[in-house]
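Below you will find one chain, with nothing else, as structure tokens; this is the form predicted alone, and questions on how it binds or moves follow later.
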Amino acid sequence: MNHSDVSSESLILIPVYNEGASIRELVGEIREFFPESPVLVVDDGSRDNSAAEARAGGAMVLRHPFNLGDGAARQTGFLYALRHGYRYLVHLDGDRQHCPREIALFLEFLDRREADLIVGSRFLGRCSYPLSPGRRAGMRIFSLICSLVLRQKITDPTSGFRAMNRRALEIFTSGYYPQHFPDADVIISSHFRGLRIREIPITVSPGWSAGLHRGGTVFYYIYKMLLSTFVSSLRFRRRRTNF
């Protein structure tokens, strides 16, 4: 299948919350690089003009009446992709930290059928942005946990740049998927549910915003993710032993 065919069967998802300043430009850039791929913006109850700006850039828009969380916004996009027959879905953040050109890398790996879930890693490529000590520590903790559980090296379990096939979409819409901070726990639960996971290198623009971690401290995020990761591991490990 050529690049054009893969793009036409792929949906590009951008969950947003108050990203009116950047979303139109991001959508326009994606449409320029991948004119065959529809772009879906899920506005998670923004209080700004995110929805109008996304439409002006050429995206389809679905809106939540109030803020439900990044995971809930992703799930809305997953359901849309399934119901409209897309083979692949790529999702990225709405703050322009991710490079739209790199969407092609995700689609290439999915079309090779080497994995069901592709995670873009900032640490396999060149990490060119500053990290606070707390955030760096949290990333290392979750990287270690994921690597131990999966028995494969996972370098960036908090990345918001990911892609998946229909098998992953069906799993993520038929059971557990966290409403908030769908990061390391999603990778671990995906492993226990039999999905093949692969990381690929991505680049990140300097000066990116806090994104989905806005509204809470890094330490609260670490605490919540540790709890969610533990519960996720316990739930799916137990389910496996019962089969």
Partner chain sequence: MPFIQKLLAAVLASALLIFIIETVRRRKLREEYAWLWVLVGIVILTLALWPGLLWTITKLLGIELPVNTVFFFGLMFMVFINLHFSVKISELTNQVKRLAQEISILEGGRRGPDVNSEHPGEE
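None of the values given here were measured: they were computed from a predicted structure. Residue numbers count along the first chain shown, from 1.
The protein also exists as the form predicted together with the partner chain; that form is not presented, and the subsequent description refers to it.
Annotation: in the predicted bound form, residues Ser8, Arg55 and Arg83 each come within 4.5 Å of the partner chain through at least one heavy atom. Contact annotation: of the candidates Gln75, Asn165, Ser159, Gln97, the single residue with a non-hydrogen atom within 4.5 angstroms of the partner chain in the predicted bound form is Gln75. In the predicted bound form, the partner chain sits within 4.5 Å of a heavy atom of Gln179. Contact annotation: Thr155 falls outside 4.5 Å of the partner chain in the predicted bound form, judged by heavy atom distances.
A residue is said to contact a partner when one of its heavy atoms sits within 4.5 Å of a partner heavy atom; Gly45 fails this definition for the partner chain in the predicted bound form, lying far away. Among residues of the shown chain, Leu144 is not one whose heavy atoms approach the partner chain to within 4.5 Å in the predicted bound form. Looking at 30-53, the residues that come within 4.5 Å of the partner chain in the predicted bound form, counting any heavy atom, are Arg31, Pro35, Pro38, Val39.
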